[in-house]
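There is one chain below, alone, in structure tokens, taken in the form predicted alone.
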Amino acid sequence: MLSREIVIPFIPGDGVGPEIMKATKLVVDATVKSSTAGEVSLRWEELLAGETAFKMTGQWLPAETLAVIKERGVALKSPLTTPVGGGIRSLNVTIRQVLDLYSSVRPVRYFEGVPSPVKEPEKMNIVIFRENTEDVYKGIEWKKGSAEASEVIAFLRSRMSVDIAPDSGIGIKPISESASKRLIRASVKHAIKKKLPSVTLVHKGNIMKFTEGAFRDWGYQLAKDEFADVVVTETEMKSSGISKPPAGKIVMNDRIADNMFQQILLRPDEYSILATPNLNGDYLADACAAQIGGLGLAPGANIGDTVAVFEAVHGTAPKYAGKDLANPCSLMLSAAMMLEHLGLDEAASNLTEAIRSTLADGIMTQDLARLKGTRPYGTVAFTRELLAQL
């Protein structure tokens, strides 16, 4: 049988990015080859972005890179540098917004043997669906003292009777019905596909009633209009006096964001999918990841209707670059999500299982080994052990 070739655009990234990308490509090639008996092969297509792109082209994110990702419909990406407090805009945010990758999907699960700061980390198995294009990440803001900030403040004072200190920086937080509903729709469809029991809308609607409160209301309206045959709300269950949903039904509920942080510590096993506006999801995804060993074990995907970019969710860690210390698991687990997205379910499952088995054997990079007090493996040695599992 002739081999089917799939082209995978990839961005090596900055800092430790090239090291973890090299390791990830090796294990992805191995799992695809073994799981498909050689009937599927991958061709990796390198794209420029970040520091390397700037040095070579004078652009941090060349238009050609975005065009190729859009054409191929998929990409794998290592972390990219973004200065804090000024300079260039976040490249990660730009990629998501330009390609309309409106769902940030962050599965967080515990792997046996990994050190954790909580007593029962095995209870953590949550998928976070974070709206990816709006909220404060829209980047609509003006510096204190600028003409724009002064004009907005004057307008709000004179036309809206809003008391704002004249020395304020100004930011705008847009949350739309259309963007909220498509994100929540994607989360419910995922719950149906994976047979998960609940979708929780996480918001700060008690304070921001017309943005985050509306996000919650639009979620419930969506459930009523489009998923009435499979979704039952927590309120409906209480009014009917039932403690468990009918067979085959998904429970939709909502939680205030600050309370949700408590819930993921005290009762994480009561939640399966969290659907959130942009900022809440950012915080919650990292807080959940902390319970299972850190961002080095947290995969991520940015998914739109026709394009998906899979990425390690941690930073570039420049102080570890070139030292054979980086943990490649975040990018490898993101690659497993990519393989499932491409319909290579067995390859995805085999890769995830190999990571689980390797970690269970106590084979860990320095970020995890130092917490456990065991001998650390370098990036290369860890990858070699993982390949042996495959």
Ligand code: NAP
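A quick note: this is a predicted structure, and the numbers were derived from the prediction, not measured. In this text, residue numbers run from 1 along the sequence as written.
What comes next is about the form predicted in complex with the ligand, which does not appear here.
Only one segment in the set 156-164, 92-100, 114-122, 254-262 has any non-hydrogen atom within 4.5 angstroms of the ligand in the predicted bound form, and it is 92-100.
Using a 4.5 angstroms limit between non-hydrogen atoms, residue 139 is distant from the ligand in the predicted bound form. Heavy atoms of residue 372 never reach within 4.5 Å of the ligand in the predicted bound form, leaving it off the interface. A residue is said to contact a partner when one of its heavy atoms sits within 4.5 Å of a partner heavy atom; residue 272 fails this definition for the ligand in the predicted bound form, lying far away. Contact check for residue 335: no non-hydrogen atom falls within 4.5 Å of the ligand in the predicted bound form. For a residue to qualify, one of its non-hydrogen atoms must sit within 4.5 Å of the ligand in the predicted bound form; none of 107, 341 and 347 qualifies. 81 is the sole member of 81, 233, 291, 211 with a non-hydrogen atom within 4.5 Å of the ligand in the predicted bound form. For the residues 184, 202, 312, 128, the 4.5 Å heavy atom test against the ligand in the predicted bound form is passed only by 312. For the stretch 364-389, the set of residues having any non-hydrogen atom within 4.5 angstroms of the ligand in the predicted bound form comprises 366, 367, 370, in sequence order.
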